[in-house]
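What follows is one chain in structure tokens, specifically the form predicted alone.
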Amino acid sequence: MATAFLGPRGTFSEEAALLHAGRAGRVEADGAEPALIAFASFPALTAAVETGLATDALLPIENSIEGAVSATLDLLIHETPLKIAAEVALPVRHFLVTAPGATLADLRIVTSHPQAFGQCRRFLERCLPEAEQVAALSTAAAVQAVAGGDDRARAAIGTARAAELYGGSILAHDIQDTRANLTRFVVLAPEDAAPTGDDKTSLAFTVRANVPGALHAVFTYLAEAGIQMTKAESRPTKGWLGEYVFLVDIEGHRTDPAVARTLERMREKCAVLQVFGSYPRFPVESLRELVDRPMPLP
């Protein structure tokens, strides 16, 4: 029962994996952390599940500041047969981490995952406008590299957990553009989840022809069935300029009679329709009070 996550230890993905394990009841009898396996890339995560190295894998799919995580969407659309079996939403707090003794005036380079740069744009523009931004494979990898050296000109953006794990110093806290910075993760597994009565279904489709009303015709079936969409966006098909895959999340399980009938009607209007999976809806609203309250220092 091992979960694969984007490592090394100390990433937001690890935090989400621990949250998922707790919600799934994967708590060790002796109180030890559940079995987690770190991998260095998103494709490695799906490969780990497909080959039996892990039971499931946790990947970020959406951020409230930066929007969709295209690498995860492209894996679902083009590369993996795995299904979405669960979702987890995590409040994201970013910290500026340095080698011990470094000051703001010392910093010339900031390293982190590109998503973190996008989520901390205001802080970087205002407090470190001249610093070079260097991409890393993950926030934790960036913190590990900075904290493990003695270069006071380099800083990393990452988690408080990573700073603690690798011995870095937190120079600034909560540097994300907004306190309501949430990342939604999906859990990929060989099969999706059984119905719970409070579910979501994720799907993707392409229209048969790019003509007026083609997209409206597909969405009309959802409206007629009274099925609520919770997200809609598009991605290039990677086949031709101007051709898109439309990605939609809806309320309900794919086996619910109304949803099942509507999906069959939609297939008639679609060139391709992929159901990524049905899974229990994460109670995102329960995080609002957590985000609104004063943030404690680590």
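Small disclaimer: the values here were computed from a predicted structure and weren't measured. Throughout, we count residues from 1 along the sequence that is shown.
We do not show the form predicted in complex with another copy of the chain, though everything after this point is about it.
Chemist: Note which of N63, T55, T262, T46 lies within 4.5 Å of another copy of the chain in the predicted complex, where distance is taken over heavy atoms; exactly one does.
Modeler: Checking each option against another copy of the chain in the predicted complex, the one that comes within 4.5 Å is N63.
Chemist: Scan A135, A194, A223, I109 and let me know which has any heavy atom within 4.5 Å of another copy of the chain in the predicted complex.
Modeler: Of the candidates A135, A194, A223, I109, A223 is the one lying within 4.5 Å of another copy of the chain in the predicted complex.
Chemist: Evaluate R93 for contact with another copy of the chain in the predicted complex, applying a 4.5 angstroms cut-off between non-hydrogen atoms, and reply yes or no.
Modeler: No - in the predicted complex, heavy atoms of R93 and another copy of the chain never come within 4.5 Å of each other.
Chemist: Since only the chain is shown here, I'm wondering whether A180 would be in contact with another copy of the chain in the predicted complex (any heavy atom pair within 4.5 Å).
Modeler: It does: once another copy of the chain is placed as it appears in the predicted complex, A180 has a heavy atom within 4.5 Å of it.
Chemist: So in the predicted complex, does A89 come within 4.5 Å of another copy of the chain, heavy atom to heavy atom?
Modeler: Contact check for A89: yes, within 4.5 Å of another copy of the chain in the predicted complex.
Chemist: Is it the case that V275, even though its partner is missing from this view, gets within 4.5 Å of another copy of the chain in the predicted complex, heavy atoms only?
Modeler: V275: no contact with another copy of the chain in the predicted complex.
Chemist: Okay, which stretch from 47-55, 265-273, 34-42, 243-251 lines another copy of the chain in the predicted complex, with non-hydrogen atoms inside 4.5 Å?
Modeler: After filtering at 4.5 Å, what remains is 243-251.
Chemist: Give, in sequence order, every residue of 231-264 that has a heavy atom within 4.5 Å of another copy of the chain in the predicted complex, or say none if there are no such residues.
Modeler: Heavy-atom contacts within 4.5 Å come from K231, A232, E233, S234, R235, P236, K238, G239, W240, L241, G242, E243, Y244, F246.
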